[in-house]
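One chain is shown next in C-alpha cells, namely the form predicted on its own.
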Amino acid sequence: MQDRYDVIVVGTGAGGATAAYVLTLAGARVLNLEAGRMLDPVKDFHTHTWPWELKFRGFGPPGEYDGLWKINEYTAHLYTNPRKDRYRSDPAFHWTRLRAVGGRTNTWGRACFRHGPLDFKTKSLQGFGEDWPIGYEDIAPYYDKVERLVGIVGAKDNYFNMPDGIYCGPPHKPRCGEVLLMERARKIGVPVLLERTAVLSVPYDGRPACHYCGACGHGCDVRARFSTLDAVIPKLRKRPNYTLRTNATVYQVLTDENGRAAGVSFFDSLTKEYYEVRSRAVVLAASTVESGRIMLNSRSRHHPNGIGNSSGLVGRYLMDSVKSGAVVGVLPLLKNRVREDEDGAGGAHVTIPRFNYNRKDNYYGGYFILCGTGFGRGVSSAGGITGWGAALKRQIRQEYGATLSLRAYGERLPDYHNYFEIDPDNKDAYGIPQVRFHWRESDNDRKMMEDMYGWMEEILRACGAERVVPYKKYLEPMGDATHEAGTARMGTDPKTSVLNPFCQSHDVKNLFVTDASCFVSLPGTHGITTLIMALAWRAAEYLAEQLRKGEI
C-alpha cells in the first residue's frame, strides 16, 4: 500500500465495489478494503455438490445452524457465525454477515425490479412515512448504468410503479407449477410477472449463460449470476490506480485537526496487527450495520458521539422487510407427474409484485410474494411429509414436485425506536466494540401480516390446492430478510438526517456512505441491490467531480 490515496472505499459488495468502480474509472487513486478474504469460485462455491455427498446432507451438524437460514453446510465457510461472533439484541435480530470479496452479492436473491416514483415519495404520494429528498427521475439514469454493468434478464411488463429496465436477454421461462400459478392467480386479480433477475439467459460481458444447476444461493462457479466478485473486481484489478486489500477489518474513520476524514484504521484479520492509512476522502459501504458501527466507534473531540452523528441518528430508523413465514399447498394437478429437470436459474422464475395500490387496507404500504415450486434437491420439497415406511415413501413420490410455497416480504415503516448502538461491554476478536440491536413489531406490521397470510391462502385455493400444510402466522425476526437499511438516512436537514442527497455526510464533507444506510424508506417492492448500486454510482460520480474541482 502507498502512503496516501484519493479515496478509501470500505467494502467490496454492491455499494462498495460500485463506488470503487466509478471512482477508479474517473482516475482517482482508490484503496478498497475488505474484511474478508478473496474467494475462488471453483473451490469456495459448492454449486454442483448434491446433498447426499455432504456429511450432514447440506444442513450441517444438528443444531449448529438452526434458525440461520442462509448458513448451512454449503455456505458456513462464507458467513460469520453469530453464535461464535456474538452480539446482543432485544428481541432477536438476525444479522447476516458474509465477509469475503463480493460480500452478500455472492449469495443474494438476484431479483432486480426497479423501485418506482411512489416508493421515493411515500408521504406526498401515498400518505404515510417520509419522502426521500430525491425522486425516481434522479435515480433512473443510474439504474440504466447499473443494469448495463450487472447484466439483467427480464421482460418489459409496463407494470404500475415498477419501471421497466434495460435487459440484456429474455427472462427465464416459467416452470410447470409457475405456469399454473400465472394462469390461476390472474383469475382472482393477482398479477404474476416473470422474474427480472441478475442470472444470465444469454452470454453477456464475457460471462456465460446460466446452465440451470439451480444452486445460485450457494454461489456460482461459472459467473452466470452477477456478483461484484466476478463482474466488477476483475475489471478494477487491471487498473494501476486501484488497490484491493483483503483481510482488513476497519475499526474507525480517522480525522484531522479540523474534524474531517483523514483515512481509516483497520486490523489485519489474520495477524490482528493494527494499521492506519490516509486519504482525501472516505467511502463507507461495509453494509448498513457495519458502516454504522464504524461511524459510532469513530469518536473524537470533534465527533464525541461518532463521526457524522451530530443529529444522533446514526443507527436509528433501522429497517428490514416485514417477512412472513412460508405457506405451502399441495396441488393435485401436479401430483405423480413425470420427473423433469426443473432446477432452472436458482429460485423462482416468476414473482407476485405488490398489488394493493388501489385497495383500501387497514395498514400502510404493501408487499410482494415469492414463490417456490418444482423438483427441489431435497426431501423437504414434499408437502409436510408425515408417517413412516411404505406410506411415507408413497406420499413423497406423489407430492414431490406438486407443492407451491409462498412467502411475503413487505414494507416496514421507518421507526426511531428501531436501532442499534455500540455495546461497550461486548468486543469482537480485534477488541472493536460490537453493536446491540433494539427493535419492535408495529401494529402496521401485524395488520400487514394478516393480509399477507390471507392472500397467500387465497392464491393457493385459486391454484386448486387440495390441502395447505399447517402453519402458524408469524413474522420472521428483523434482519431475516437481509434487507437492512436506513440507519444513516439521507435528507436536506442536518438535524433530521445524516447524509445529503448524494450520500455525503452533513457534518464531514469528505465522508460518504454508499450502502443501504442512506435509505429513507424500505418499499414493499422487490430487491434493493440494484437500488444500492444506483445510489452508490450517483454518489461516486459526485465525489469524483468534487475531487476534480479540488473541493475535497
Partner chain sequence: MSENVSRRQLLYEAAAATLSGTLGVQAAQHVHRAVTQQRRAARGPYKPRYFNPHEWRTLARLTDLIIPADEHSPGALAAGAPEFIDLLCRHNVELAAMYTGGLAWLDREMERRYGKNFVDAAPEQQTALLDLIAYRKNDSPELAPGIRFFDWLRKMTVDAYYTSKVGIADLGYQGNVGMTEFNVPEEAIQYALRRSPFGGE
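It should be emphasised that the depicted structure is a prediction, and the values quoted were computed from it without experimental measurement. Positions refer to the first chain, counted from 1.
Another form, the form predicted in complex with the partner chain, is not on view; read the next lines as being about it.
Please pick, from Tyr159, Tyr474, Tyr430, Tyr212, the one residue with any non-hydrogen atom lying within 4.5 angstroms of the partner chain in the predicted bound form. Filtering the options by heavy-atom distance leaves Tyr212.
Please identify the residue among Arg237, Arg299, Lys393, Lys447 with any heavy atom within 4.5 Å of the partner chain in the predicted bound form. Partner contact (heavy atom, 4.5 Å) among the options: Lys393.
Taking heavy atoms only, is Trp388 within 4.5 angstroms of the partner chain in the predicted bound form? Yes, Trp388 is a contact residue.
Even though the partner chain is not shown here, does Arg339 get within 4.5 Å of it in the predicted bound form, heavy atoms only? Residue-level check for Arg339: yes, a contact with the partner chain.
If we define contact as a non-hydrogen atom of the residue within 4.5 angstroms of the partner, is Lys43 a contact of the partner chain in the predicted bound form? Yes, Lys43 lies within 4.5 Å of the partner chain in the predicted bound form.
Contact label in the predicted bound form: Asp221 to the partner chain, heavy atom within 4.5 Å: Although the partner chain is absent here, Asp221 would touch it in the predicted bound form, with heavy atoms inside 4.5 Å.
Among 340 to 348, 276 to 284, 403 to 411, 121 to 129, which stretch sits within 4.5 Å of the partner chain in the predicted bound form, heavy atoms only? It is 340 to 348 that comes within 4.5 Å of the partner.
Enumerate the residues of 158 to 192 that have a non-hydrogen atom within 4.5 Å of the partner chain in the predicted bound form, in sequence order, or give none. Lys173, Pro174, Arg175, Cys176, Val179, Leu180, Glu183, Arg184, in sequence order.
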